[in-house]
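Just one chain is shown here, as structure tokens, and it is the form predicted alone.
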Amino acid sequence: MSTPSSTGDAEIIAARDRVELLRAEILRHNHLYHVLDTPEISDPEYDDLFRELKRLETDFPELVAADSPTQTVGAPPGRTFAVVEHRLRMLSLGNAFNADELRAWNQRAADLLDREEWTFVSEPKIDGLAIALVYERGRLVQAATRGDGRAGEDVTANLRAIDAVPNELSGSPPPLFEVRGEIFMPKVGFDAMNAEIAAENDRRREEGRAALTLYANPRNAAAGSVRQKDASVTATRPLSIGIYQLGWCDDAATPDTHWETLGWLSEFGLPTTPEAAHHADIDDALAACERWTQRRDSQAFEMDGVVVKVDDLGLQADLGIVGREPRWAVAWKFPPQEASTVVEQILVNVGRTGSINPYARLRPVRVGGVQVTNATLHNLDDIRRKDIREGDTVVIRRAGEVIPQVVRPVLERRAEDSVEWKMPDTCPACDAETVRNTDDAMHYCSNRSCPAIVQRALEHFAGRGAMDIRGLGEKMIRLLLHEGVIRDAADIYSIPKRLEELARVPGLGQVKKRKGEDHYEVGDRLRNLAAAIERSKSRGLAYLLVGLGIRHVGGENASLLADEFGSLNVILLAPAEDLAAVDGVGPIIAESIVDWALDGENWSLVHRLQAAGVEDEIQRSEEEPAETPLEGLRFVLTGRFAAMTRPQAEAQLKSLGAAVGSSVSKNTSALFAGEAAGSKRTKAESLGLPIWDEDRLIVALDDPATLLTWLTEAEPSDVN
């Protein structure tokens, strides 16, 4: 393995390792929450992970990646429904956990806008499922979940079945527009539905049938109800909706403020967020947040905070978006709920990288209406810092989810014979020695052939972010490993040729009686798996690179490497300096790839994958590359444009090779200013930058050569 050349390099490597672990954990929880509706950790625990990741990416900017959870929203759409591309990305919100953080958010906005006063709107942050509704000529034509912000699931039929969602609007709505809201289940309806399930379970027990699962909370119930395959089931669920935003609107004048927009939408019969309020200043908005905190439990719906927004839509446009979060809105998060229970055991499991991950097995306790039994403990340092021991009474905290955060032990109730918990010396999966890296808070299994590591590596290879082999999930992989069918990823590709043999493996084939004897047949399960394996061969170089599980190599940098080198062999044989020279890769990833390629077992795996026919090269197109006449230039857009939306204009500029920024600086080539341009125009004037109107923007997009001429001839503060 490579040795860090300096303390700085060692610090970066340690940070990168932690970032990799945090991203993987956060993405897993995003999938559980947004796609499967089965969250495993509490809101505060998720927030802690997310804030730690943001802090590391701030301290080490070179670690920021486009596919990081800090840059994306939610999780990719599931497979049950068709995928809908959002015209405008659906965003997530930054958080404020106290008055100081809310004021700090307001001050950042003031600094960007170079002004101190404006009005605000507050709305309860209902705990449900984010949804986008498109209406054409007053009729609902499309409904989609948020998904990952760029694409969601098409749930139009299900939303039409919900009484609270208008299928036809009243008044004179715009010809085509989108609204965004939250589907939720009121508490009364949730309790009644769970009571019906419990009564049904009583009947099922009498008949010897399996019981149905009770929903954990209203949010899960709402999300699960929307994702029913049968819309008639959705129709029976007590669902409601709160519209909180206009997404986009074609061919119609819209209000200038968010507050006016909510009233405008309600004129068409759209149910806007209940109890939204208008505020003259940040102090008034803060007081509303504090009032909501006191009366949260008395509401008819579950809520986990209050959303505070800048009211003026022109100011919203000037503030813009950073990463996945708008600068013009923030979520005031309620203090999480707490309870006490006993840590019955501290156990560990093994992750894909071999990390030994401790967690607490709790005496079951109900917190906020949900029974919890487990809590993650991150690592040994976390346990030592909090001084958590087996047998301790501990304070746990949650905010609407299943697994809580362990806040602290109640030392007054600690037993006299209590002892500190120790990390196991051996791996629980294979009895190999556990080791701790010098600059890493995690312990690892020292056996690369550990069954748990192999299991997790195969799950990673077959996962959606890699080779996407449907039907090859955790249970199937465990069965195939147990039966000796596979040992590594290359063995997967032998399965389609062994179906008759595998049909005799218990749990894989179909067993039918013929003349009193068992006959084994290849059923749909094996056929579908074989088809998925064959499809994965053409998944592509970038996904294969991710599937190999090389440390630090994720979707973003795998795509960059694939585009640059075009072949797996070329990537693995490239010198570290050539790999590091790729923009977005850098020396840490380069060293990791070189180290991986120096291992003979890894090369054996690669050769066997290639022999199996897995596509490991990019098929280069013969088409002429797109022209990028504006490459090297940077533009900023501000205000409102009549002929197109700002995102549409920005996309066209980017297609011509230009960079588009959200703030004006001396590196800005020119500012395109629409109506109601604010502080960005003032800043551009102070820097002497060219400032052009929408007419020039339209000409520039149609004829970039003219724009280049304007830049050559531009005088300081050339306003036109």
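Sequential numbering from 1, following the sequence displayed. If you're wondering where the values come from, they're calculated on a predicted model, not measured in any experiment.
Heads up, the form predicted together with ligand IVH isn't pictured, but that's what we're talking about next.
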Check: If you check P173, P124, G554, P336 against ligand IVH in the predicted complex, which one has a heavy atom within 4.5 Å?
Finding: P124
Next item on the list: Name the residue from L541, A130, A96, L377 that puts a heavy atom within 4.5 Å of ligand IVH in the predicted complex.
Entry: A130
Notebook entry, point to check: So which stretch, 188-196, 497-505, 281-289, 324-332, is the one near ligand IVH in the predicted complex (non-hydrogen atoms, 4.5 Å)?
Noted result: 324-332
Margin query: Contact with ligand IVH in the predicted complex for I588, defined as at least one heavy atom pair within 4.5 Å: yes or no?
Written below: no
Notebook entry, point to check: Is there a non-hydrogen atom of Y444 within 4.5 angstroms of a non-hydrogen atom of ligand IVH in the predicted complex?
Noted result: no
Next item on the list: Decide whether R397 counts as a contact residue for ligand IVH in the predicted complex under a heavy atom distance cut-off of 4.5 Å.
Entry: no
Check: Any chance A562 has a heavy atom within 4.5 Å of ligand IVH in the predicted complex?
Finding: no
Check: Using a 4.5 Å cut-off on heavy atoms, what residues in 139-165 are near ligand IVH in the predicted complex?
Finding: R146
